[in-house]
Every structure is written in structure tokens, then in C-alpha cells.
Ligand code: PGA
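So this first bit is one chain, no partners, the form predicted alone, shown in C-alpha cells.
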């Protein structure tokens, strides 16, 4: 299985800045057969970046999309409209869940739309600090994980990526706390256990599980060395070309 290094640019960079930064990344990033590098710029930058992209080095992802393929949905952009631009789509990011009110129902419909349109969904799941404090981590992870997959067939499980993204460990969260490898391993084990129990070991063998939450050059190796961690979903560090490219090189070293 490949190691995935995914950079989420969130609502940063203008279209021009995105193009210049992407050009820098393409110069720095090397092509590795066993490392899949993905970046998710803002929606307005996707089309121009799709003309610059070298898919041997970097693939593009959307940060979000609507689940209906077409219709009277003012202001929305469907998965089917972006399928010629991207290979991946981030779905259910904690900021969409907790700031923009996205529900488990919304997430599962978007996951089904992505798979239907041949785009790999990167499904984000994770508990808040309060949920963790109250011992609700297992329930939250189970509900978010299994709900997000409930509208796709078991044979399509290999077409999705799961990203564990504890809300309490995201750097933009107030009083964020750094997740330890033991913290992460506990939940990654839970995710693998839930998937195996529901779909069977053979079915889930090709389903990558990533970690995302305050990933930096300084902790990337420790996170990538966790058994069952197939890559990283990176926020702030993906906006700094030397840091992002260094994390890719770390991933290559860990994989070697």
C-alpha cells in the first residue's frame, strides 16, 4: 500500500498565489512510486492548477463538494463538476462539521457521490476534546466511520481513504493538545477493528488510514512510524514548501 501525504490548504492563497506556490512545490517534490502526494487548494484555484499539475509528482484534491450531481443548488459545486480536475476530495473535515454544521448524513451522501463519480473520498473522522474527556471517543468514531460508509457497497471500500483527525489536536483549535503516538495508535487500532468487524479482514486490507492533527516536520516521523498509519493529512505545514517537501522525504525514509 502507498503512503499518502495530503496537504489541505484550507482558505489560504489567492488564485495567483496558489499558482506560484504550486510551481514551487512541483520544483521541490520528487516522484516516488510508493508515496502519493496530494494537495487540496481552494475551489477557485483548482482549475488553473489542473493545467499546471504533474500527476507523476502531485495529485489534486477538492476540499469539499456537494452530493447532488446537478440541479438548482445555488452556490454549490458538485462532485461530478470537478471530476475532470481532481483525483481526491476531502469530506467531513472537522471544520466543516463543527463550524459549518455538516452532519453524518451529509458526509455519507458526499462519500457516495465521490465514489459514484470515480473520485477517492478522504473521509475525516475524529472526536472533540469534550467528547474525549467524557469517554465518548469510541462511540463518536464508530458513528462517524460507519455512517460515512453506509451508502457505498463493501466492494468499494478500497476506493476510500479514512483520516483520523482528532479535533482537540488541530493547531487552529483553542487550547489544542499535541496527540502522542500512543493516543493515535489507540484510535487507529479502533478504526481497523471496526472496519474488519463490519466488512471482513480481506475487504479492508486495501483501505488506507491516515492521521491528521498538527503534523509538522518535527513529529512526522513518529506519526508515520505508528503501526497502521498509512500517511498524513497536513494543514499549516502544507503551506510552507520546504516543510511539506521535507515531510514527503521523511515519509520516503520511513517507508524504506
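Residue numbers count along the first chain shown, from 1. Nothing here was measured: the structure is a model prediction, and the numbers come from that model.
As for the form predicted together with this ligand, it is not shown, yet the points below apply to it.
Colleague: Under a 4.5 Å heavy atom criterion, is residue 234 part of the interface with this ligand in the model of the complex?
Modeller: Yes, residue 234 is a contact residue.
Colleague: With heavy atoms only and a cut-off of 4.5 Å, decide whether residue 10 touches this ligand in the model of the complex.
Modeller: So residue 10 counts as contacting this ligand.
Colleague: Classify residue 214 as contacting or not contacting this ligand in the model of the complex by the rule of any non-hydrogen atom within 4.5 angstroms, answering yes or no.
Modeller: Contact check for residue 214: yes, within 4.5 Å of this ligand in the model of the complex.
Colleague: Would you please decide whether residue 110 lies within 4.5 angstroms of this ligand in the model of the complex, comparing each non-hydrogen atom pair?
Modeller: No, no contact at 4.5 Å.
Colleague: Name the stretch: of 129-137, 181-189, 71-79, 90-98, exactly one has residues whose heavy atoms fall within 4.5 Å of this ligand in the model of the complex.
Modeller: Only one stretch qualifies here: 90-98.
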